[in-house]
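Taking the form predicted on its own, here's one chain by itself in structure tokens.
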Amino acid sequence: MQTELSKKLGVEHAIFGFTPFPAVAAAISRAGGFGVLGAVRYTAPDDLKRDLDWVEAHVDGKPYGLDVVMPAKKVEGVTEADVEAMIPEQHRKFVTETLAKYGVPELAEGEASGWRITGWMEQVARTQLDVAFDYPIRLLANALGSPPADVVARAHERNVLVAALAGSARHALKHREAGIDIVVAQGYEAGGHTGEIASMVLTPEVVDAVDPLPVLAAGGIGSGQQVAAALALGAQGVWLGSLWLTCTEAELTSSAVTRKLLAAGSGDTVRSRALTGKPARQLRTEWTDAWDDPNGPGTLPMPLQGLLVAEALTRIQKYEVEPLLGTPVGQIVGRMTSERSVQAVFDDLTRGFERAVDRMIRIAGRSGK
């Protein structure tokens, strides 16, 4: 499963694995892929440094990267308190009433409410980069479009490739103009923030639009046959995120979330604004249904929605309130039917890829006679 891009980065398989779990990122790289650690949950630089130290010590010298979330345009002087003040009272009331309806306990006095919107603010992402550039990362990916020009230049000075996600050929062209090295064509089926176009349509459109830049296909990919299809469409690799959530190395996933993921079918996700204010594919739950109900107050734009629901989601996760408990995940969740190691996932992907390639060789051979 090698391509020009995977050879350039020195990896055996053109499989790029995005994950918030350091142990999963390291295992992906050890298995011959390219592990990419998501940084959005790290609001304290020391925490990111601790986990990058761990990754560096456990990748066996294999390459890895970091994924940040930062806007292309700078927004000066906006604090978390400024954002908090913009949240309407009716939305706060809706959260309180919904949690009360399901009997979700309060957090203990003084207990932190977990991840908040700070991980999406540019100044936080820049502190993450200050840490990350002290490590031998080979790739910097941005999930919110092209990063600012000075960040791209800073990465290139360190021989770090820059990738950005795109949901349309138009977005991909903007990335090329911004000096991005790799475009991740993320289809509608993917977990997290997605656009409106399915992977089968999007991938070749982006490949043609940004040629000769390498493109990674994302969304709806969870088997070796699907990897082969992505490469046949012109991609130089695949970007996988959801598939790792039920891996045994994903130590931070709660047992209740894992059970729900293993039981879910491909039709059990929904593209909702309930999490961040932007459309994001996630497990459908009574929480997403409440926010998507036309009789409710409606979601707020990013970053207001994320800040509004941060404490509520922490409470739901801590107390494992199953009707409300969800997580970002793509439609590929229907294939995630058992807990497996990262290496076992790679073994399955490579076997499926080989079968698909052999089949196409046989078909091509017959058609050539």
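The model shown is predicted, which means the values in this text are computed figures rather than measured ones. One-based numbering along the sequence shown.
The next section is about a form of this same protein that is not shown, the form predicted in complex with another copy of the chain.
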Checklist entry - Within 4.5 Å of another copy of the chain in the predicted bound form: all of 3, 189 and 353, by heavy atom? => result yes
Next on the checklist: Just to confirm the contact call: exactly one of 133-141, 98-106, 189-197, 243-251 touches another copy of the chain in the predicted bound form at a 4.5 Å heavy atom cutoff, so which is it?
Outcome noted: 189-197
Checklist entry - If you check 208, 84, 111, 286 against another copy of the chain in the predicted bound form, which one has a heavy atom within 4.5 Å? => result 208
Item to check | Listed residue (262, 178, 213, 201) with a non-hydrogen atom within 4.5 angstroms of another copy of the chain in the predicted bound form | outcome: 201
Next on the checklist: Although the partner isn't part of this model, could you tell me whether residue 297 comes within 4.5 Å of another copy of the chain in the predicted bound form, counting any heavy atom of the residue?
Outcome noted: no
Checklist entry - Even though another copy of the chain is not shown here, does residue 160 get within 4.5 Å of it in the predicted bound form, heavy atoms only? => result no
Checklist entry - Hey, in the predicted bound form, does residue 232 get a heavy atom within 4.5 angstroms of another copy of the chain? => result yes
Next on the checklist: So in the predicted bound form, is another copy of the chain close enough to residue 272 to count as touching (4.5 Å, heavy atoms)?
Outcome noted: no
